[in-house]
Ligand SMILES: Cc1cc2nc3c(=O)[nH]c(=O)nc-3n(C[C@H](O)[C@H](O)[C@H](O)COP(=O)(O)OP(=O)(O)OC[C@H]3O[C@@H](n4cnc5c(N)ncnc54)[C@H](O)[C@@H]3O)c2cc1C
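Heads up, the chain below is alone and in the form predicted alone; it's given as structure tokens.
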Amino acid sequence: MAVSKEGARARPVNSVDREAFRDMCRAFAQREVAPRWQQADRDRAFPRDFYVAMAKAGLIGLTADESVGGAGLGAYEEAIAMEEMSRINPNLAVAMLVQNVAGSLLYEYGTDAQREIARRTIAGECLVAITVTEPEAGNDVQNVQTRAVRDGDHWVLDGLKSFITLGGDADVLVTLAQTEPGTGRRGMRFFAVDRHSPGVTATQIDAYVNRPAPTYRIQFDQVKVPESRRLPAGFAEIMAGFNRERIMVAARWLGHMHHALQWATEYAQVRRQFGRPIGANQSIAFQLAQCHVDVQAARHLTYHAAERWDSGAPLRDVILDVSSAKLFATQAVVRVTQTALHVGGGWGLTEELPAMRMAMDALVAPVTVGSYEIQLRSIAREMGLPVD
């Protein structure tokens, strides 16, 4: 949702029966995520038809205006959809997150021509990626080194981006660059770059995680971008987008930890040692009980943050809730999946059980969309502590 000069945001314009919406998302996940993710994980390739399926189901552009094909819903509904898909696989689910965050910059802050890209994204015709992170500018967004220099009715981009989810699969790269070097946040702008433009090179990063939605290095070498592809969005819009994204990240890991706990609890009831289920031992049962508390706490924090976001309150008034939800969920998912791995015992280390895959997937949680330290800094500052 758009941010005004005063920092207030528009509220959702539509509403749905949330339980029915959750049921629809759960059915979609069983129908579309479950059959695809394992093969996509082995191939380390994103299945384009999954993006089309999400679009047909109306899960792209949930918060977008109806004028561009969106649903006009809120962050709460985004969180529901993200949680339900992540219960099956958190990595295919991240594709929805990327489309909604990158697309929101186009439909909330873009020109009519840029909003047309958003319309095509929501319709399943144009896959987008958000291209911000660099080797020396992850959490430190103000240190982005990619440069855009004006040349007549074009801009010329040079720079290197890293860890760009779906960067090599996307049609359009919503790319952050410095247009006025030395001015920090005031000189930042986004560009909707055609990935097939001369000078754009995408190289897949060989990672242990996110395999169904791979990450890439994106090199820009004298890439010409028309002035019509420069978005008016600046630093304030960037940070607003990051904060809404953090709610979706919390929901992503909420879904994943819920799945891990469910699996571990069921396994502890059937795996027998010393003549009884291992779940009959306090050492196992109490660990799973603590995991239940983690899941429930993450759920309350995540949906509370989503409700606060949808309230339309100024951004500065919801940052504490958003950062708290993101911090706790990304810490808790590591604890819960490590417990599931422990419950699996020796078999948990094999491919016969899902425990190792779940634990490995969770390892990316602490370092995406603002590390632990960044969230703690935000929380401390909102508490009035003079942290620099």
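Because the structure is predicted, anything quoted here is derived from the model rather than measured. Residue numbers run from 1 along the displayed sequence.
Form predicted in complex with this ligand: not shown, discussed below.
- Contact annotation for the candidate site: 261, 294 and 297 all lie away from this ligand in the predicted complex (no heavy atom within 4.5 Å).
- By the criterion of a heavy atom within 4.5 Å, residue 23 is excluded from the residues contacting this ligand in the predicted complex.
- In the predicted complex, this ligand lies within 4.5 Å of some heavy atom of residue 131.
- For the chain shown alone, residue 99 is not a contact residue for this ligand in the predicted complex, no non-hydrogen atom being within 4.5 angstroms.
- Within this chain, residue 364 lines the site of this ligand in the predicted complex, having a heavy atom no more than 4.5 Å away.
- Residue heavy atoms within 4.5 Å of this ligand in the predicted complex occur in exactly one stretch of 303-311, 209-217, 151-159, 285-293, and that stretch is 209-217.
- Checked against this ligand in the predicted complex, the candidates 243, 165, 146, 89 yield a single residue with a heavy atom inside 4.5 Å, and that residue is 165.
- Residues of 354-388 placing a heavy atom within 4.5 Å of this ligand in the predicted complex, in sequence order: 364, 367, 368, 369, 371, 373, 374, 377.
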